[in-house]
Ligand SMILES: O=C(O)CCC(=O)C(=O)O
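Encoded as structure tokens, the following chain is the form predicted on its own, with no partner shown.
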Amino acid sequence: MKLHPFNESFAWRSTQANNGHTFLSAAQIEQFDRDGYCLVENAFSSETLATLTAAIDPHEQQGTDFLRTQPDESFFIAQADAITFTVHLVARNEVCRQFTRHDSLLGVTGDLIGDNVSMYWDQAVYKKPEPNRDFPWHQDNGYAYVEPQQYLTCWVPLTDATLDNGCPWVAPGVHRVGTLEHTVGPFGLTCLDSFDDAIPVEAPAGSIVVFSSLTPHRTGPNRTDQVRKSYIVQYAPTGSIIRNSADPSDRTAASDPKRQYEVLRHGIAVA
């Protein structure tokens, strides 16, 4: 493993010392601190998920229709009949925007980030039936270098995520070294070729797989005949910046009001 060139003085900020957690259990916080992830079950009702999925599906279909107009029906890491990424839904759909303020998500972010939290990124990922397509090992902070490096990914399965349909796998403990150098592969950026102690995280619909932005993870192929659907919501400390790898002096505030809005201010939900 090789560190990202910007990662010169990273120190993992432990959340175990935060005795004021209100949503996650002490065991979940300990696991997140040690392994870089935890699973939160029964975070959303079936009604909430049905409404959210109904809001996302038309946008995903539009994206799939666009991909079918492209060479090889693909664009960057998306392919119409393998995997799609529908980004910035909070800027286009009020149901998605309100979902990012759900009590369960605010509870997780308050416990693991702190009192001042903003949206950073959102996307729906639909993994189509395709038995040979892995999504490679990567850290979320490898795609765009955010400072502070330590932000949060909430991976919400809209359908049950299983070994058969491509649930996430994590590389526990690696988050503690910070952002790794990533290389470009055929299906996206990658920071590891393999990891012997990888752990699969099967997650029922209505749960949250909570990752650090620094936790290497991958998803396996979908060997079923159904689409595996997920919605990924990422949160960062308010005031975070994005650094341009091509120009180290270029720093952009993560504060686009259409999609990078505050959700917690001084520990209080921001409407």
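The first residue of the sequence shown is number 1, and the count goes up from there. If you're wondering where the values come from, they're calculated on a predicted model, not measured in any experiment.
Just so you know, the form predicted together with this ligand exists too; it's not on screen, but the next bit is about it.
Engineer: Looking at H88, R176, H138, R97 here, can you tell me which has any non-hydrogen atom within 4.5 angstroms of this ligand in the predicted complex?
Structural biologist: Only one listed residue qualifies here, and that residue is H138.
Engineer: Which residue, I83, M119, C154, I113, is the contact with this ligand in the predicted complex, using a 4.5 Å heavy atom cutoff?
Structural biologist: Among I83, M119, C154, I113, a heavy atom within 4.5 Å of this ligand in the predicted complex occurs only for I83.
Engineer: Of the listed stretches (104 to 112, 122 to 130, 187 to 195, 88 to 96), which one has a non-hydrogen atom within 4.5 Å of this ligand in the predicted complex?
Structural biologist: That would be 122 to 130.
Engineer: Quick one: does S213 come within 4.5 Å of this ligand in the predicted complex, counting heavy atoms only?
Structural biologist: No, S213 stays farther than 4.5 Å from this ligand in the predicted complex.
Engineer: Can you tell me if A203 lies within 4.5 angstroms of this ligand in the predicted complex, counting non-hydrogen atoms only?
Structural biologist: No, no contact at 4.5 Å.
Engineer: Indicate whether S230 is a 4.5 Å heavy atom neighbour of this ligand in the predicted complex.
Structural biologist: Heavy-atom contact with this ligand at 4.5 Å: present for S230.
Engineer: Does at least one non-hydrogen atom of N222 fall within 4.5 angstroms of this ligand in the predicted complex?
Structural biologist: No - in the predicted complex, heavy atoms of N222 and this ligand never come within 4.5 Å of each other.
Engineer: Heavy atoms within 4.5 Å of this ligand in the predicted complex is the criterion; list the residues of 204 to 218 that meet it.
Structural biologist: Stretch hits: a single one, H217.
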